[in-house]
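The data below hold one chain only, encoded as structure tokens and taken in the form predicted alone.
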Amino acid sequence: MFAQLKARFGGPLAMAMLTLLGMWLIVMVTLPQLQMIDYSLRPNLLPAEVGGPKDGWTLDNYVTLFNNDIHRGIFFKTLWSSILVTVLTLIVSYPLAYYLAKVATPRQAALCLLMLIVPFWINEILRTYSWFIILAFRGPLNEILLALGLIERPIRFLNGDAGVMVGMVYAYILFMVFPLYNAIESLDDNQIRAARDLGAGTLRTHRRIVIPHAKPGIATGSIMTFMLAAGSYAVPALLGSPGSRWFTQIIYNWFFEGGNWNQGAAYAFLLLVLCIGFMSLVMKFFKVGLGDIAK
């Protein structure tokens, strides 16, 4: 990396950039994570007991999750729900990314990208509240369905995980579309034409040509979407019902309602391990490395 930066910007500037990057990684990433691990391994003590004989490393905070049936169930439910959000976002984003990269004219692509980006100029909380209004029991969606005669009575879209899924797919679609768009755009159009000239249909062309080429984009989008979904708090808090709690809500409760930062740190670290494990599995499944994802 240093050699590439040196060739482009010169030795002093390259060294300064790497130094700043290293400081940022240490101060903003490494040290907070190490402190979180230290917190997670210590019991929740009174101020007078800190530094005393009880103040030592223990795994009790981690054992709490596996002894609590409710929290353990929410943990695994968050895992599967985040995977489902990732799959749904990929299904929605792939046709859109292909259209932008290979079908749309430059003007159409620019207009479509503008329509995608403009709503994200608004705060995520406000965008989530808009879905809360749309999906409400007497909201616009139910009123339209009733007016069209498609339903006889309003549907409780916010009673369960349906509203959370819709809100998350909408909230994180850009993090899937852009990596896919960048990967598909680099595909040579001649390969697609050759596949069609040889008799390959649309599905086979995508399966044999486009998707293999877009694997880095799929992996990058899936990792980003999963990690954002697993770590989301606002969307499940606003669009979820009491029976559709997210693991991040449990972490929030430990930190800010229960006042037990040590237990909250243990839960947060377990969520971090879950995200790292998912990232490793995705990279192994798509047979891509960090260098491929960085492109």
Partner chain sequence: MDGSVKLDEVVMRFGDFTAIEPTTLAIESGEFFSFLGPSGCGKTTLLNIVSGFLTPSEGQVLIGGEPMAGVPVNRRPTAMIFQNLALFPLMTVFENIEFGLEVRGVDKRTRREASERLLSLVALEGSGPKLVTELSGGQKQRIAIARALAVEPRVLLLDEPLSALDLKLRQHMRAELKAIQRKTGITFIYITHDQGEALTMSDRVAVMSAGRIQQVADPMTLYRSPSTGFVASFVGENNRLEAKVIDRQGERVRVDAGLLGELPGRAGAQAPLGNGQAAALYIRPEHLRPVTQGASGPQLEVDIVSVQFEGASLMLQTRLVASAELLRVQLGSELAKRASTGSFQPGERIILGYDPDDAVVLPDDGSPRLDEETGEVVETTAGTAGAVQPSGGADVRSA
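This is a predicted model, so every value here is computed, not measured. Positions refer to the first chain, counted from 1.
A second form of this protein, the form predicted together with the partner chain, is not displayed here; the remarks below concern that form.
Out of the listed residues Lys102, Arg204, His71, Lys77, Arg204 is the one that sits within 4.5 Å of the partner chain in the predicted complex by at least one heavy atom. The listed set Gln191, Gln108, Ser186, Ser130 contains one residue whose heavy atoms approach the partner chain in the predicted complex to within 4.5 Å, identified as Gln191.
Only one segment in the set 206-214, 120-128, 178-186, 152-160 has residues whose heavy atoms sit within 4.5 Å of the partner chain in the predicted complex; it is 206-214. In the predicted complex, the partner chain lies farther than 4.5 Å from every heavy atom of Leu148. Though the partner is left out of this view, Leu198 does reach within 4.5 Å of the partner chain in the predicted complex, counting heavy atoms only.
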